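One chain comes next, on its own, written as structure tokens: the form predicted on its own.
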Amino acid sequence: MEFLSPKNLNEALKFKSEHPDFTVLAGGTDACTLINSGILKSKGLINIYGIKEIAEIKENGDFLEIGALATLTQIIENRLVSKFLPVLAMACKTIGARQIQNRGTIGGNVMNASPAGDALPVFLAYETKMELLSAKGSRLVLFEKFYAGYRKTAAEADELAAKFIIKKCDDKERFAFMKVGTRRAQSISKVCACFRQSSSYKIAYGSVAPTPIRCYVTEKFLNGCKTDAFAADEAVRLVRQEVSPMDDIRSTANYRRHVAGVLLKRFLESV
């Protein structure tokens, strides 16, 4: 297997343009496992880990820009994330152990395209824009349009994830990240979710459909009524209809559907 290690972003884009079928290696915490197990077969690897141009976390007016190569630990410890998007740090804390967080990148979590990726419901609930780069230029994609199906993304073969652009949350906003797994730590999600309530409700889930999803029907109901015990029960009923989970080695569809409602009920009770 050929191994390419570009020295900077321009060289990385050049390599990706010349070798669109090569696998991009960021932190490698998923790719190396898949390669070693024989699931991922590739003619070569392009190692982009450590390219500083797409690893920064910075403010840009009302928005945070998070580089795709920012590690999970960087996000957890970053003062801007703690101040303006603390729910993302909450999600990153649930991904693997400290060793995984030190090496794994937020871009890798997204580009891996697993519906169980813990950061993905946060990006959905916060209506994130994603910048994709290639040797031909850059383009922005709405995160809700990024996944075309199970393990399929809208990225072209010659494109790299560059950064995530997210509006800062306001001081009065209520939010939560919730996750249910086989155990309390170092587990893949059976169900994960991000909830927001400010001027309106935003509800997003992972691991309950082929891709992470926003629950627009439930949001519309909650945004159009006074939230009381009756409304909460009706929202739970609606959200269980919106999700479309499957049976797999980690859980059953019925359990996931039940838990999706339980998590929403807990959030509504808390606000």
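Keep in mind the model is a prediction, meaning the values are calculated, not measured. One-based numbering along the sequence shown.
The protein also exists as the form predicted in complex with a small molecule; that form is not presented, and the subsequent description refers to it.
Shown alone here, residue 245 lies farther than 4.5 Å from the small molecule in the model of the complex, counting heavy atoms only. Using a 4.5 angstroms limit between non-hydrogen atoms, residue 241 is distant from the small molecule in the model of the complex. Among heavy atoms of residue 191, none comes within 4.5 Å of the small molecule in the model of the complex. Using a 4.5 angstroms threshold between heavy atoms, residue 196 stays clear of the small molecule in the model of the complex. Heavy atoms within 4.5 Å of the small molecule in the model of the complex are found in exactly one of 197 to 205, 80 to 88, 136 to 144, 154 to 162, that being 154 to 162. Of the residues 64, 222, 213, 68, just one reaches the small molecule in the model of the complex with a heavy atom at 4.5 Å or closer; this is 68.
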